[in-house]
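Given as structure tokens, the chain that follows is alone and in the form predicted alone.
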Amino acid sequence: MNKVQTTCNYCSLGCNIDFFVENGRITKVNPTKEYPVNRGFACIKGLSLDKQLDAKRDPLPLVKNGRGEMERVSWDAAFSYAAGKIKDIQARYGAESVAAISTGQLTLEEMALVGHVGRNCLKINIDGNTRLCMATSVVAHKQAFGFDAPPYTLADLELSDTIIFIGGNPVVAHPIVWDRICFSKTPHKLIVVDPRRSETAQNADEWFGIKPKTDLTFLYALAHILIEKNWIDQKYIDEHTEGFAEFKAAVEPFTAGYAQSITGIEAGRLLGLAKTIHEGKAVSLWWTMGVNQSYEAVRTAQAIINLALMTGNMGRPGTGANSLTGQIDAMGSRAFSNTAGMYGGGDFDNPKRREAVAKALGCDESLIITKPTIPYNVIIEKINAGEIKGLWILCTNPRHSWANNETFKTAAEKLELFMVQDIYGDTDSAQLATVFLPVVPGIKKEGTVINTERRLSALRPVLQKQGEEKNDIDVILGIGDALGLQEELKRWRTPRAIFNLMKACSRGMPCDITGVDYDALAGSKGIQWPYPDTNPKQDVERRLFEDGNYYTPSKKAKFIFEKPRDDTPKQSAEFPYYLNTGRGTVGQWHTQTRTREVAYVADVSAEKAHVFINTALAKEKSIIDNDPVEIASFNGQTARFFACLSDTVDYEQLYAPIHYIETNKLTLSLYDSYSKEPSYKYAPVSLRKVIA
């Protein structure tokens, strides 16, 4: 029996799993005991990775024929057809008439390769569905710290005496995080800030049920109180930050009384929370999608960062302003996809970085794309405007997951080429495809992923590909070769080769990984960046900014702030309620294409779309459990759900899990000004009972 240690390729924690294989069959699946992230524990998703082999898949691609039918073809025929369509569209409409959307589910090497083929060679725009979850944190980190650098290690959860979650629900979304909190030996207080009394809020010492999208006012009021009471670390502020005086003046109007009128949180409770932060010796503040997916998300994330900076809760064990990522390789996407920034970080118009990256890749600088990609929302808008005619999506399902998702359906139907690369041929997006390219799941793939705490981990094949099966790198190379890019791809032929190119690109950057050996990652405990070959750190768990130096030119962190927006859609007589969205259960994942194969998840998850409604509101509208209800959105769309009565939501709020296509039919085409991340958590809606 052979044991293979690999990485779970679901969420951002990147747990390691041991697979036991005999005669080409998986006989046992165990969490890796010594891996520092999960330490012998895993959720149902990771333990069920082998179930992705249960689906009956045709390993050959499909191409839509002249009769509008999807026809099974050879791989060579599919590659030739796709390359021909790309060339034809670009010849008629220009280079940027084709675009692509990738995903944080891909490995670092796969994202780097498609970034090279698409951005450098074809000069097209490529964004990722990382835009839907982590773009906010990326921009917040870059502006405040000088680089996209989450500062923490997961060990900080167990070293903190005051843990504050803002817009995060780890009980459901990050069960390994919740496990570390529960088994922490440090006496601690857990505080949750969330409009909904989530599963985590129900287990917290204190819950602050703020009104939807009043986070910024809430956080500025906390800052106001801390400054007014002199509960700040002036020495840290003076030595390691800039812009505090301006921030102090900006939050002056945000008194506890004013905040109460906006957030619904009593002034006394705000004062109490500020005192708790002041009295904490090691305070950590954590955020995830409740903050990131908002129309003023970047400034909200930076308001959290400001609280950590002004109280000196940075760089020490158990502290930090810490963003939890969404997908397994979102960090790899952020640093090595060649989309919003160059490989290894840096700007496309920086001459020194361009020279360094060209040297690392062994190519002429003229090959490297000269500008960042247009964001996801602009890609969709340009398709609907008739400017983009071809779209290639890799391992994502935007027909379901895109905000105001009917706009994506409209876009897909306008495309001359809609190429879908996925494990499954029956996703909502694949059903609209003109070309479908089937790929193997993660347990048959090789590469590297970078988790939420900057840890590189090995993805290694548990089982080998069979017959005509191809992985994502095979498919990207196949299309590249059909496009005539053999010379441009000669150094990109294997995951190891691509990883070594990315290593070279990272040299001297904050995410330097030049000390990481690709082969040595297999069976290891993973390595957090930075890990340069000049001075590799041997610690298994490390945090950033321990010396108080940041990546800005001054080496000081920046206080960044802005007045809360007041120009967004509000409650009205027509739309008197707010729709909030999020995870349903631990076992469900995104659009449920993968977890539907797990019998346990199917058994405990509702088959159809449902919405949580406050019991008082339901009684007022004569709604009982399982009644069909209709929700109409400010965006002009209407969808039907089954009612779930619950007092975890406020009277004016509704909560719908993201795993059903009906939910994002109702979300808005509303984005953060800086990150362009959609505001999934907020839509004015109406509610009515459906009378049979």
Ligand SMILES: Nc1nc2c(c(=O)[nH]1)N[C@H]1C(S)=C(S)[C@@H](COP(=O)(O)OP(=O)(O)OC[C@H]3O[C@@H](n4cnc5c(=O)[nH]c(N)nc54)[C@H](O)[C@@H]3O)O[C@H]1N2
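Source: prediction; values computed, not measured. All residue numbers refer to positions in the sequence shown, first residue = 1.
Keep in mind the form predicted together with the named molecule is missing from the figure; the text below concerns it.
K.L.:
Based on heavy atom distances of at most 4.5 Å to the named molecule in the model of the complex, which listed stretch, 389-397, 271-279, 145-153, 312-320, is the contact stretch?
P.N.:
After filtering at 4.5 Å, what remains is 389-397.
K.L.:
Of these, 543, 334, 174, 224, which has a heavy atom no more than 4.5 Å from the named molecule in the model of the complex?
P.N.:
So the residue touching the named molecule in the model of the complex, by this definition, is 174.
K.L.:
In the model of the complex, which of the listed residues (440, 527, 379, 458) lies with a heavy atom within 4.5 Å of the named molecule?
P.N.:
Exactly one listed residue reaches within 4.5 Å, namely 440.
K.L.:
Do heavy atoms from each of 11, 589 and 681 fall within 4.5 Å of the named molecule in the model of the complex?
P.N.:
Per the other structure, all of 11, 589 and 681 touch the named molecule.
K.L.:
Taking the named molecule as it sits in the model of the complex, is residue 448 in contact with it (heavy atom to heavy atom, 4.5 Å or less)?
P.N.:
Contact with the named molecule, no.
K.L.:
Although the named molecule is absent from this view, report whether residue 32 comes within 4.5 Å of it in the model of the complex, heavy atoms only.
P.N.:
Residue-level check for residue 32: no, no contact with the named molecule.
K.L.:
Check whether residue 299 has any heavy atom within 4.5 Å of a heavy atom of the named molecule in the model of the complex, and answer yes or no.
P.N.:
No, residue 299 is distant from the partner.
K.L.:
Should residue 421 be classed as touching the named molecule in the model of the complex when contacts are defined as heavy atoms within 4.5 Å?
P.N.:
Contact check for residue 421: yes, within 4.5 Å of the named molecule in the model of the complex.
K.L.:
So which residues in 201-215, when you check the named molecule in the model of the complex, have a heavy atom no farther than 4.5 Å from it?
P.N.:
Sequence-ordered list: 210, 212, 213, 215.
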